[in-house]
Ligand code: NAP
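What follows is a single chain, given as structure tokens, in the form predicted alone.
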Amino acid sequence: MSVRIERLAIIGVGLIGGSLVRALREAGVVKSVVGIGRSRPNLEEALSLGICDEITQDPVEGVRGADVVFISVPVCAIPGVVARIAPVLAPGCIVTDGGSVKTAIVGECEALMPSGCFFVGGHPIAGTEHTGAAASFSTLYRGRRCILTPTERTDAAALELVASLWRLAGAEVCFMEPGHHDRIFAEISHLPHMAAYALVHAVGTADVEGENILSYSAGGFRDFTRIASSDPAMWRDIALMNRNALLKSIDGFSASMAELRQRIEAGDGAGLSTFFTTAKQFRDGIV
């Protein structure tokens, strides 16, 4: 499929949105990019870095005449953004997103699309703990997966164009039903972030004779908890929007922790070896 985007609007020019623009610019498929966001300093940095050709803090003005709109804001804010911009979208405009929760977003945003405009749910599986336009880079998606979540209402041509954009950015595109997506990512993405935040919170608030025990942390602790440096507002919204699936995941994690505690309390060396070996085998099986 030959792709040429005359005008691309990016709402939220941070790591995710900025990296997508950089990749598409390198691929030579985008003529003009307008960056839209609340932070004027971040927008001005995006402009100075050449990510955007123009910037605005007004999403309604920014999306006028756009062929494609990519939304990368906290997940709870996405439907509200779509509701605001929908009345001014150009005929044929395709709106897509990068949110890591899909059921609620896709359902609400599809219903908001005016006749002749199309919504395609998406979730690029890539990122770092850094934020803002300056954190973006063109190779972020290279060799990574991007999940698209079509429904029976999804326009086939719009879906193919969005898939083509992600492939041009270097991603492997997969397709998944929104609810199935949310259950999977509650386990492999949302739960690990909750665990990292909870671990750092527990250690940071531990009372060990007045010591700042975090100052003694070494590589293992730092590596394991790196994701707890991610944007708190983003993860607050993810936890709330994917609440039901995430609670099931937390219950499963709590059961594993309870089993581990029981074996430690009982001095069950054989049981601990089995527990750790099973976990190691699962981890070693990750490609």
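Residue numbers run from 1 along the displayed sequence. Just so we're clear, the structure is a prediction, and the values are computed from it rather than from any experiment.
From this point on, the text means the form predicted in complex with the named molecule, which you will not see here.
- Shown without its partner, this chain lists Arg261, Arg38, Arg243, Arg236 as candidates; in the model of the complex, only Arg38 has a non-hydrogen atom within 4.5 angstroms of the named molecule.
- Just one of Cys93, Cys109, Leu148, Val73 comes within 4.5 Å of the named molecule in the model of the complex, counting any heavy atom, and that one is Val73.
- Contact here is defined as any heavy atom lying within 4.5 Å of the named molecule in the model of the complex, and by that definition not a single one of Arg7, Ser32 and Ile51 is a contact residue.
- In the model of the complex, the named molecule sits beyond 4.5 Å of every heavy atom of Ser249.
- In the model of the complex, the named molecule lies within 4.5 Å of some heavy atom of Ala77.
- Shown alone here, Thr154 lies farther than 4.5 Å from the named molecule in the model of the complex, counting heavy atoms only.
- For Ala171, no non-hydrogen atom is located within 4.5 Å of the named molecule in the model of the complex, even though that partner is not displayed.
- Just one listed stretch, out of 198-206, 99-107, 154-162, 172-180, contacts the named molecule in the model of the complex at the 4.5 Å heavy atom level, and that stretch is 99-107.
- If you take 105-132 and check each residue for a heavy atom within 4.5 Å of the named molecule in the model of the complex, you get His123, Pro124, Ala126, Gly127, Thr128, Thr131, Gly132, in sequence order.
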